[in-house]
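Each of two forms of one protein chain follows alone as C-alpha cells, named structure 1 and structure 2.
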Structure 1
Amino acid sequence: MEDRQRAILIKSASLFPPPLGVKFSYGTAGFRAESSILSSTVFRSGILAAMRSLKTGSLIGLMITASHNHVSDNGVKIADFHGGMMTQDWEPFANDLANASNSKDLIELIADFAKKENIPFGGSQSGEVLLGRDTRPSGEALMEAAKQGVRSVIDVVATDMGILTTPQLHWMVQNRNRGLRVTEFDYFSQISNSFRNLMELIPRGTSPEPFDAKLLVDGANGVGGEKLEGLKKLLKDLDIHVRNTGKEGEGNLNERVGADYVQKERVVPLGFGPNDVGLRCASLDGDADRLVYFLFPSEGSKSIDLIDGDKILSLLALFINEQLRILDNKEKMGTSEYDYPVKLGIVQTAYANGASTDYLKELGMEVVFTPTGVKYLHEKAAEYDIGIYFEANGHGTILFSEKFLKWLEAKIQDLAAGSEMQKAAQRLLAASNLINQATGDSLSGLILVEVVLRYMGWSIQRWKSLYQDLPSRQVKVKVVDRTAVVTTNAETSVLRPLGLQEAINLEVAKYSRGRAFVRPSGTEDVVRVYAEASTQQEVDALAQTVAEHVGRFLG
C-alpha cells in the first residue's frame, strides 16, 4: 500500500473511532445495531465496498437500513457486483474490519487483505459504489460516514442514490453492471411495463370468480409505502390504497405495523379496522424486501388469516408451472429444437410449513431444501432454469437463467402469432422482467401476485384455501454454547451432540404428521426448536419435549 493511501485512511479513520466493548458480526442482514454506535462500522463498510469494487472491477452497492428492526436501530450491508449479497468469502474480513480496535490495526488489516487479494490500490483500476438508505432519521449521518469510507480509497467514487428500498439498490447494482440505465424511474418503468404486458395476456372471460381490484397495503411507515405511492400512479388497472406510509402522524417505522409484525404476531396492523373485513390486504416490511398478505376475517376480531411466503411461493409456482405445461405441447411443437428440458426448482428451508411442501410435491414439482438464510436459497435457486424461493417471512423471488431467457425469446419469434403457446412464452418473459432478479422485492412481488390472482380469477379467500397449514410452534432454548449443536441435511438433522437426533426422532414418531428440528442461532446463545403436528395441542407438546431434550443434552 502506498504511503499516500495509508495516510488518507489513517486520517479518515480517526474521525470514526469504534465503540468500546462492542463486537459486530456480518450476517445475512449485514451489520445491525443501535444507530448511535454504528458510524465507525458504516465508515469501514464504505472501505470494504470500495475494495470490493477494485477487486471485481465492477460497481458495488452499499445500503444503510435495519429492515424490520425498531426505528432506533440501523445497519449496513453490501450488494455484490451481480446484485445479490456479498460473497461469503469476504464476511470474515468484514468482521475483522468492523472490530479492529484502533486505526493502526485497521490499516494493517486492510494492507494485508489487499495484498492477499491482489487489490490494486492506487493503480490503473478505478471503482464506484452506489449508496442508498431508508427513511430512518439516523440514515443521513450514517450516509456521510459511508461516503467518507468509500472516498478514503483512492480512485473509488461514491454515488449517493438517496432514499431507496433495499431491493431498488440491489436492482440498480445488477443492471448498471449490465450496462443499463438505473434511475428510480427506470425501475418503476420496468415494473409497470411488464405489468401491462401481463395484463394484456390474461385470457378474457374465463375467470370463474369476480375479481376485486381493491388492494389495501400496509407500508410499515417505511420507505416501501412511500415508493409504492409513486409506483401505483403507473398501474391504472390496480386500485391500491397505501396506509402507514410514514407521513407525519401515521405512526413509527415498524411499530405494530409491517410484514414482520403481521407474520409473527398474526394480528391486524395499526391503520386497519372493521371496515376492511373481507378485503385483500398486504403488508411490506421497513425496507420493502418482504411481503405477506392477510385477510381481516370478521368485525371485532384482532387476529388475521395470514397468507405468508409459503402461500406466495405456491401461487407463483402454480402460475409458472402452468405456462411451462402450455409450452410443453410436443404435438404442436413438432421440431426437436423446441424440446428444451426446462428445469423448474422450488427452494425452501426447513421452516417452510410442511403442508406447503406436500402441496407442491403432490403437483409434481421438484422441492429442495437449503439451510436457513437468503444467501443459501438464492444460490440454490440460481442452479435451475427457473428457481423459485420464498421464506415464510415473505422474502423471496423467482430467478430465470440467461440460457432459458434466450431460448424463450427465440421461441416467441418462432411460434404462431397469438397462439396459446406464444402467449405462455410471453407471460414467462414478462414475469422475468417484472420480478426482481437480484433479491426479494416486496414491490415487484406485490405487482406480480396481483397479476397472477387476476389471471387465476381468484379472490384472496380462494388463494388462502390452497392448503391448510399444519399447526407449528417455535421455541428458543438458552444454552451456554450454541456451537455445541452441529446440524446436517439443510439443518434438519443433528450430528452433535450424539444421541440428540435419536431422542427427537422418538418424540416425532408419537404424533400424526409430526416433524421437528433444532438449529443453533446465528446471533445469540440459544438453540431454536421448530415443531409441526396435526393439532396445536400436539405441536405444543412436541416442541416442549424437544426443547427439554436440548436442555438435557446441552445442560
Structure 2
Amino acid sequence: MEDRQRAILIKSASLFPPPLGVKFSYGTAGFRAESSILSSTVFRSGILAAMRSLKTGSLIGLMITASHNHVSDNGVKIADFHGGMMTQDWEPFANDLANASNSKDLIELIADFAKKENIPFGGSQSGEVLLGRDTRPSGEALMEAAKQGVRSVIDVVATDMGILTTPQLHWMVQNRNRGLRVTEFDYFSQISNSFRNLMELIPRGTSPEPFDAKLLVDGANGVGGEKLEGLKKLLKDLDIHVRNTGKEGEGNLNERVGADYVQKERVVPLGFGPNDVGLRCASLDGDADRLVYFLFPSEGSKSIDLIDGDKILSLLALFINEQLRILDNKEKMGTSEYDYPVKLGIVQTAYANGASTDYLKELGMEVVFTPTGVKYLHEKAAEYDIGIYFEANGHGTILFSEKFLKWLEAKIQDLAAGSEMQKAAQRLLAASNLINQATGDSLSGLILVEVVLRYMGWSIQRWKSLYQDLPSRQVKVKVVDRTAVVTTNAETSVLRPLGLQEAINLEVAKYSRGRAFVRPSGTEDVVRVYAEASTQQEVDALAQTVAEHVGRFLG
C-alpha cells in the first residue's frame, strides 16, 4: 500500500474510533447493533465495500438498515457485484476490520488483506459503491460515515442513493453491473410493465368468483409503505391501500406493526381493525424485504389467520409448476426438441412449517433445506433452472437461471403465436422480470402474489386453505453468550453445549408430530427456540420447556 493511501486511511479512521469492549460479528444479515455504537463499523464497512469494488472491478452495494429490529438499532450489509449478499469468503475479514481496536491495527489488516487478495490500491483500477439507507433517524449520520469509508480508498467513488428498500439497492447493483439503467423509476417500471404483461396473460372467464381487488398493506412505518405508494400509481387494476406508512402521527417503525410482528406474534398490527374483517391484508417489514399476508377472521378475534412465507412459496410454486406442466406437454409439441428437463427446486429452512414441506413434497416437488439467512437459501436456489426460496418469515424470491431464460426466449419465438404453450412461456418470462432476481423483495413479491391470485381466481380464504399449518411457537431466550450454541444439520441439531440436544429430544418425544430446535440468532443477542406439535397447547408447552433447558445449559 503506498504512503498516500496509508495516510488517508489513518486520518479518516481516527475520526471513527471503535467503541470499547464490543465485539461485532457479520451475522445473518451483516452487522447489527444499537445505532450509537455503529459509526466505526459502518465507516469500516465503507472501506470493505470499496476494496470489494476494486477487487471485482464492479459496482458494490452498501445498505444501512436494521430491518425489523427496533428503531434505535441499525446495521450495515454489503451487496456483492451480482446483487446478492457479500461472498462468505470475505466475512472473516469483515469481522477483523470491525473489531480492530486502533487505526494502526486497522491499516495493517487492510494492507495484509489487499496484498493477499491482490487488490490494486491506487493502481489503474477505479471503483464505485452504491449506498442506500432505510428511514431510521440514525441512518443519515451513518450514511456519512459509510461514504467517508468508501472515499478513503483512492479512486473509489461513493454514490448516495438516499432512502431505499434493501431489495431496491440489491436490484440496482445487479442491474447496473449488467449495464442497465437503475433509477427508482426503472425499478418501478420493470415491476409495473411485467405486471401488465402477466395480467394480459390471464385466461378470461375462468375465475369462479369475481376477484376482490382491494388489498390492505401494513408498511411497518418504514420505507416500504412510501415506496409502495409510488409504485401503485403505475399499477392499474390493483386497489392498494397502504397503512402504517411512517408519516407523522402514524406510529413508530416496527412497533406493533410489520411482517416480523405479525408473523411471530400472530396478532393484528396497529392501524387495522374490525372494519377489515375478511379482507386481504399484507404486511411488509421495516426495510421491505419480507412479506406476509394475513386475514382478520372475525370482529372479536385478537389473533389473525397468518399466510406466511411458506404459503407464499406454495402459491408461487403451484403457479410455476402449472406453467411448466403446460410447456412440457409433449403430445401437443410432437417433438422431443422441446423436451428440456427443467429442474425446479424449492428451498426452505428448519423454520418452515412441517405441513408446507409435506404439501410441496406430495406435489412431487424437490424440497431442500439450508441454514437460516437468505445468503444460504439464495445460493442453493441458484443451483436450479428455477429455484424458489422463502423463509417462513416471508423473505424470499424466485430465481431463474440465465440458461433457462435464454431457452424460454427462444421458445416464445418458436411456439405458435397465441398458443397455450406460448402463453405459459410468456408468463414465466414475465414472472422472472417481475420478481427481484437479486434478493427477496416484498414489493415485487406482493405484486406477483396479487397477479397469481387473480390467475388462480382465488380469494385469500381459498389460498389459506391450501394446507393446514401445524401449530408452532417461537420464543427467544436471552443468554450471556449465544455463540455457546453450535448447531449442525441445517441448524436442526445442537452439537454444543453437550447434552442440550439429548434434553430437547426427550421433550420432543412426548408429543405427537413434535419437532423443536434451537439456534443462536445472527441478528439479535438471543438464542431462538422453534417448536411444532399437533395442538397449540402442546406446542406452547414444548417451546417453554425447551427454552428452560436452553436457559439452564447456558445460564
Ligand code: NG1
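Residues are numbered by position in structure 1's sequence, first residue being 1. So that the term is clear: the rigid core is the largest set of C-alpha atoms that superpose within 1.5 Å between two forms. The model shown is predicted, which means the values in this text are computed figures rather than measured ones.
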Either 1 or 2, the form predicted on its own: 1
Core fit, then residue 542 C-alpha moves 2 Å or more between structure 1 and structure 2: yes
Using a rigid core superposition, assess whether residue 517 undergoes a CA shift of 2 Å or more between structure 1 and structure 2. yes
Exceeds or equals 2 Å, Cα of residue 530 between structure 1 and structure 2, core fit: yes
Cα displacement of residue 489 between structure 1 and structure 2, once the rigid core is superposed (Å): 3.4
